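Quick heads-up: it's one chain on its own, the form predicted on its own, in structure tokens.
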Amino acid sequence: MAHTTPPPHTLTINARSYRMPTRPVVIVCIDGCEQEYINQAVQAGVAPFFASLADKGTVLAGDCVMPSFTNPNNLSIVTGAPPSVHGICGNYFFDPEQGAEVLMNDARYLRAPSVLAAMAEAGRKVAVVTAKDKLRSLLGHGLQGICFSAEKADQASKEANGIDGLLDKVGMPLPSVYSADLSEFVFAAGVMLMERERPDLMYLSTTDYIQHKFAPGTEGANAFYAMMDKYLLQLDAAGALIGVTADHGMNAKTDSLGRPNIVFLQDELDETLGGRTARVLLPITDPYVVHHGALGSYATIYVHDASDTPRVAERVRALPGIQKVLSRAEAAATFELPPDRIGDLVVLSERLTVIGTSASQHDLSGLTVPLRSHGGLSEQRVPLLFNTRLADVPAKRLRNFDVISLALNHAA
């Protein structure tokens, strides 16, 4: 078949075609947004923007990528592709080149370009605002435009971030990384950018600090969603086409008394199979562990002697609270993961359970409320919301990384 060049009003990136925006498009990733948070805020009467979508917009749901963590899903959203394509399969992984466990927040680990960078290269004005700085270099890789984090907004410069003087322009002080203010800064900055720069495509990504602390319908959760709703109303009034999704959901990970349900997997394996048999790695690990103690519902295991892999898998499957144990090949095929970055086994825990390494390695002193976390299949369902009607929505399983395509290609 002869190669055909896409018409100039479209862009093809990672084997998907996107129409160029004809009005400002704002894509919002609400970190940790279990759908019930929005339902409860609407029911409480504090979220008029979200409430309006039932009549004037489009309300859908989709699945996030696995593991249901921040980095893999944000990168899937901005590349329009699963981790098998872009390469980011956790916040943390074992890098065989370094022979060490490292954060996967360096752009050198990224294997695919983003829609954001491609739009900017095609001459469109693009802006990215993320809450935590751990995502900034990944989301901004190759991007000629504005890209900064709320966490380090005071350090933003024209040269490095495409904009300076952010605290004065946004009108907020630098927020604490462990606060709702960090996400509010993202939205306030988005409104400021819409007024001053009017980008063609803007990506706003929040933090799940509140969702880790407050269940849907609680006063703290409803206040947070009311705050976001206020800024979304302003972006809507400015004429933006808005698409909202999440990187993952969130669930309680406790027993009936509110005590954490934890499988300390490294301790279990060391005790029953002997030390040095296998290494447990937790891809949820990042520099911000106060609100979850580096505990999530997904883990990988590196087995030191390949012949021991069946024995390790059998032992893990027998543990209470474990939902699935998959081989490297099974996990890569089932969850569209890069096989060279996921270990010999992938382990998922049940909805109310998290996985740790050794009890001595997890500091839970920062957990002032019952543990809430994510990472498993139980946190995979997320919202896909738009402030306009969509036409010809594909009759297939929708994913959170379809949000940019739906906004650009299917808006009425």
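Note that the structure is a prediction, hence the values are computed from the model and not measured. Sequential numbering from 1, following the sequence displayed.
Just so you know, the form predicted together with another copy of the chain exists too; it's not on screen, but the next bit is about it.
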Within 4.5 Å of another copy of the chain in the predicted bound form, counting heavy atoms only, one of 211 to 219, 116 to 124, 187 to 195, 160 to 168 shows up; tell me which. 211 to 219
If you check in the predicted bound form, is F50 within 4.5 Å of another copy of the chain, heavy atoms only? yes
Heavy atom to heavy atom, is V26 within 4.5 Å of another copy of the chain in the predicted bound form? no
With the partner left out of view, is P96 within 4.5 angstroms of another copy of the chain in the predicted bound form by any non-hydrogen atom? no
Just checking whether I38 would be counted as a contact of another copy of the chain in the predicted bound form - the rule being heavy atoms within 4.5 angstroms. yes
S256, R259 and P383: each with a heavy atom within 4.5 Å of another copy of the chain in the predicted bound form? yes
In the predicted bound form, the one of N71, T300, S183, N251 near another copy of the chain [non-hydrogen atom within 4.5 angstroms]: N251
Output the sequence-ordered list of residues from 57 to 72 with at least one heavy atom within 4.5 Å of another copy of the chain in the predicted bound form. V59
